[in-house]
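Shown below, as structure tokens, is a lone chain in the form predicted on its own; questions about how it binds or moves come after it.
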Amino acid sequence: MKNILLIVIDGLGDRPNAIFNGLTALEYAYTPNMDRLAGMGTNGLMYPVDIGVVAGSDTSHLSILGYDPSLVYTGRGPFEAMGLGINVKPGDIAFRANFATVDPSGTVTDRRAGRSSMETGKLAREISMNIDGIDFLVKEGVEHRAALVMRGKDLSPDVSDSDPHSAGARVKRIEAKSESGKFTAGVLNKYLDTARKILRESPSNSKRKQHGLPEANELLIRGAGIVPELQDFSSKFGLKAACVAGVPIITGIASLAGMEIHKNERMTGTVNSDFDAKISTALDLLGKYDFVLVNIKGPDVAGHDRNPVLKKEVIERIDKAFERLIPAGSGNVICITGDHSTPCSVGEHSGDPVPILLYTEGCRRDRVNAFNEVASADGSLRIKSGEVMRYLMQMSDRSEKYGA
């Protein structure tokens, strides 16, 4: 039996871009190592979650790892909170959050507050409080990211977002989606009003201004959910598993699935993350674990920023780190794919499929010699993300025979 290395490049897929003469950032990038692996392996396209679905990073990662999002997904908030180290308890309601910048009218001018984490730890502590018997716990994350957890009686996830999801729009009031959500919506609006006043008057925001950064004077929340129950990954597949990632949403999912988390400060960035450190750590772990998941966030950030040049540069840096994967394929199964497409021309996720390659010594080869959206379409695979683990299990000689 062989061990499995699954590398998920966040937001990898793209669409043609005029700046690259009609090529995608992945097509235009210089990627000799991914191309070489493609030439030695099995290639194709993968549909995240299902054909035409615009998947989130959470639902797609769940699906790739063999969990049906339609059965286990309750919202992104719980995963984000767990990934940031909040000890979420049964009955807690968790939200994904951004520190953002708004003008005096409540209009969002920057949903990500300059993508800077400066002083956000202090701000998070300042707006953690108790209102009407409900504890509000805020934890800062990478760059502008954060999580909010509500703890108390009679809480419900049936509430709307405050995040308008675009700059130039006003922050939304929380609304109940059902009768059970009315109390939660009311106390949540009271909390956000209080937090807004604290953030506006905080010395931490004065310090940000002194350093030329936009104020983090609003907490935008979205993705309310209750912590779901996931079958332990080890018992599900018989694999001792580890995760190498710096993004809380991914480490949260992996933690909930019972994987051991491995990361350091060099891995917690996005476009500036140490990709070589991630791959080096993952390869070291392959000697101790049957399965290692690696998440690489950078291309998704560039896609959301509509920056194809940056996306190309990040992909090239990732490919350079992949040089050491080639010899690792002799005794292991290596899979490289994306969790979804984030076209620079759109600035958001799309339902386009993503390239996937699988390589191990002695595997079937097709006629693909490059790893990108167009070349991979000529490969032998057309699969959905929920089928990835099944394919990896048989490729690593771990599947049981079906039938006599």
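Position 1 is the first residue in the sequence shown; the rest follow in order. Since we're looking at a predicted model, the values are computed, not measured.
FYI, the form predicted together with a further copy of the same chain isn't displayed, but the following is about it.
- Think of it this way: in the predicted bound form, a further copy of the same chain has a heavy atom of just one of Lys278, Arg208, Arg145, Arg76 within 4.5 Å, and the residue is Arg76.
- In the predicted bound form, at least one heavy atom of Val49 sits within 4.5 Å of a further copy of the same chain.
- The shortest heavy atom separation between Met34 and a further copy of the same chain in the predicted bound form exceeds 4.5 Å.
- Put simply, Thr59 is close to a further copy of the same chain in the predicted bound form: some heavy atom of it is within 4.5 Å.
- Residue contact check for Ser341: one or more of its heavy atoms lie within 4.5 Å of a further copy of the same chain in the predicted bound form.
- Not one of Met1, Leu285 and Asp290 places a heavy atom within 4.5 Å of a further copy of the same chain in the predicted bound form.
- Contacts to a further copy of the same chain in the predicted bound form (heavy atom within 4.5 Å) from stretch 98 to 117: none.
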